[in-house]
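Only one chain is included here, represented as structure tokens and corresponding to the form predicted alone.
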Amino acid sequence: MPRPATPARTPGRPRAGVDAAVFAATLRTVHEVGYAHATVDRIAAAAGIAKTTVYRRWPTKGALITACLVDAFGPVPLDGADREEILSAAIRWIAAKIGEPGIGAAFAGVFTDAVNDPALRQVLSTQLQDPYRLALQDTLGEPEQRVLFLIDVVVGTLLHRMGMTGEPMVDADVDALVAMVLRH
């Protein structure tokens, strides 16, 4: 007697569940022990999975951190009645994201690692920066170099403050940054 067909199911957790667990563990670990000490071993242990599971998805710590940041940031809000509202909202959004536990430190750490790692720079550029750059170019009608400069000024300023103080930029300083960017 033939057995009834059962739906095919891959073993283990669903991919989205593993990704979410690893991303949460990544940010938590970076927040608790810092970027340098947030090893793939520690992140895997915090997520309750084998490090081989992490390495099957992300071949390096930099690739993992970049994927985690892409997930954490999500799409940039580019809504507003005019250019000033759009820019203001985008700057306040990235400032808030960088201020979330683990995100600023993860971003600064992977960015620093990329200085001496061309492959990681490529991953950061194509997976993290380019989607936001393209969205801003399209929405603002600005050329690539102008949008890259905007990203450099805003994100560089926010990460510099985080690196120098260990704290995200306070609201009054974010307001001043917005005013400076809008003026120019």
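Residue numbers here begin at 1 and follow the sequence given. Computed from a predicted model, the values in this text were never measured in an experiment.
There is also a form predicted in complex with another copy of the chain; it is not shown, and the following applies to it.
Heavy atoms within 4.5 Å of another copy of the chain in the predicted bound form map, among the stretches 121-129, 39-47, 135-143, 62-70, onto 121-129 alone. Among residues of the shown chain, D173 is one whose heavy atoms approach another copy of the chain to within 4.5 Å in the predicted bound form. Proximity of S88 to another copy of the chain in the predicted bound form falls outside the 4.5 Å heavy atom cutoff.
The shortest heavy atom separation between D113 and another copy of the chain in the predicted bound form is within 4.5 Å.
Of the heavy atoms in A25, none are within 4.5 Å of another copy of the chain in the predicted bound form. In the predicted bound form, another copy of the chain lies within 4.5 angstroms of at least one heavy atom of each of the following residues of 148-171: L148, F149, I151, D152, V153, V155, G156, T157, L159, H160, R161, G163, M164, T165, G166, M169, in sequence order.
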